[in-house]
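One chain comes next, on its own, written out as structure tokens in the form predicted alone.
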Amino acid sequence: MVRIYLRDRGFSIREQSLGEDEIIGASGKGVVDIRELGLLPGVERVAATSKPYELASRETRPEDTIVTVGGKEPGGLVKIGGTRISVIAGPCAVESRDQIMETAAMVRESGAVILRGGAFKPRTSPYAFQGLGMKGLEYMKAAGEAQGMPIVTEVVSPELAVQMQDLTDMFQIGARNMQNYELLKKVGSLGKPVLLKRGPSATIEEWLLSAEYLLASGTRDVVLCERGIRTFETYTRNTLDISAIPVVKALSHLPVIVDPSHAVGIRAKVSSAGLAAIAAGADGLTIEVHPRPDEALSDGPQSLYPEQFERLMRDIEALAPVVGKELLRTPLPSHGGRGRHAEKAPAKAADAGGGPASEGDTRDIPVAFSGESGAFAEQALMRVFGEESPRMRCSSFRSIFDAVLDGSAMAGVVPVENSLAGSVHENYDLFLRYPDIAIVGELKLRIVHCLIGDEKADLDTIKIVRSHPQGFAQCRDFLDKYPQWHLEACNDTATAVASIAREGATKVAAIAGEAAAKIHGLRVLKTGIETNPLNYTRFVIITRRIGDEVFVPPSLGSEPPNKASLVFSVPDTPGSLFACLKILSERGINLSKLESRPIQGQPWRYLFYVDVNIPGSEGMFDTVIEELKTKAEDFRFLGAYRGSL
């Protein structure tokens, strides 16, 4: 019926598949009412686009595509795009089994989530190292499996694509082959994820049209890779087109990553270029790393030493919250652990009350947060667990703790501290009431407040502003400019936005995040209204203790904890608190937070909440904890986790 409808109105028809979606494309000078077309049986959505790359265009698909790479084994499932930054790393070329095994272990330890490496190397000179071929790909597949990492490797011909498809998790189309259309059609028809590098002299439109070939041929998972273009400049290998990142992300829904190694070709410049790409909005990086770059058979001068890559990963982790993202980390293989105090997933579900046990058991169990959709807590949740994770909205912080305790939620996300407003004391007190709840993760989220209202609202017509009390406090300088506005407090910022959408109020605005405005169909009247741009909220991930075990969601990764939270009281004697702090000081353990809270029912007695950095020697930290217990009263270990130190 849809085809007949369009043909009768003068359109030419072509049919394409995008994964499981069947798409009918119509072009020509015909005239059609899009609303009427959307009502026809079988039509899910209608989009009009003026771009020649229809499937890759954001006009066709407004929401960001998140590309999934790899299998379901621990660490093997990686998502590129959305709110997390994914890092691909490895050597330019697979040189031997030992070399790729060594490199894979190094980059995995530093936090890379996908292993790269070339088995087939198209080179400018016919005398240069061309790769080990299929044998090299077998070595690479083995290295990826050993480290729990999916792999990406370059394919150079349609015939090889068929041979390689069972050995690689993701195909890479190199810059030289970006416009090899027969290769694009064959690789696209295989349905695997594809990393498409921009050609050295390709325009952005030509690049996106190459992506269109892949999408039109059958795959729906395409990642665009900016790797520098050829200009008159000769100091660097290529010129990294930073501006292409925001431009392409505005034009297309496909994720964009950057290859700074090939862009600059100078080892000392790679990290700076990579961080600049993250700041410009890239969804990830692909980095060349070699254990001994001076001995590399190809691209040694641009390959990072392992220690340089380790530092780059730490810098990315620090930069990510500034651009509203989180560095993606996936679970390490079974070897290695988190340490005594934190975090071993129980082998079975807990008692009759239920409770999550393993990745397989928890895949459909939600994560709890407080507030309406679009709340900052939900944004923090998606950073840790992914945009597609099932979520449970709770009416209060206490109901989050209850949901985690009774097993209806796999985990919970609760705020504990704001960089401007201080601690969320309610949640600190809840840890005492729920001794079977533990902290297993931490996230610092940058808070950017917006003034949000109805499409018909403006600054002159607003009479009432709604938000959480902390939202008002954090935007005090802006609000002081409008003393005539009446402030109404809500349980959270997203609830304030939702109330305006429900009421259709045109004289009421809300202070909240931009995500809440998008979800509830409202307009951002003014952005960045917080008094201090260095406005961060620290969220913690909580799960249930089951006996001596603490469940750690696989999405938190398997790196050893570097931070712990404790709470204790001390005897009412001179120097008792000093005696506890002295233990930490003498053992070289850094105290990152110390806060007192009154003990309920005991006037003028206090509990002390403490955050400490865990040293590299796990045994020494265990000794300190045992010694601290001898000096303190009512000692509780709230959890050990991976924090941003």
Ligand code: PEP
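All residue numbers refer to positions in the sequence shown, first residue = 1. These numbers come from a predicted model, not from an experiment.
The discussion below concerns the form predicted in complex with this ligand, not included here.
In plain terms, the part of the chain that comes close to this ligand in the predicted complex, with a heavy atom within 4.5 Å, is 254 to 262 out of 254 to 262, 464 to 472, 129 to 137, 307 to 315. Remark: T493 does not count among the residues lining this ligand in the predicted complex, judged by a heavy atom distance of 4.5 Å or less.
Within this chain, Q172 lines the site of this ligand in the predicted complex, having a heavy atom no more than 4.5 Å away. Although the partner is absent here, R267 sits far enough away that none of its heavy atoms falls within 4.5 Å of this ligand in the predicted complex.
Looking at R176, you'd find a heavy atom of it within 4.5 angstroms of this ligand in the predicted complex. Using a 4.5 angstroms heavy atom cutoff to this ligand in the predicted complex, all of R116, K121 and R227 count as contacting.
Listed residues R383, K197, H449, H290 were compared with this ligand in the predicted complex; K197 is the one with a heavy atom within 4.5 Å. With contact defined as any non-hydrogen atom lying within 4.5 angstroms of this ligand in the predicted complex, E154 is the only contacting residue in 144 to 165.
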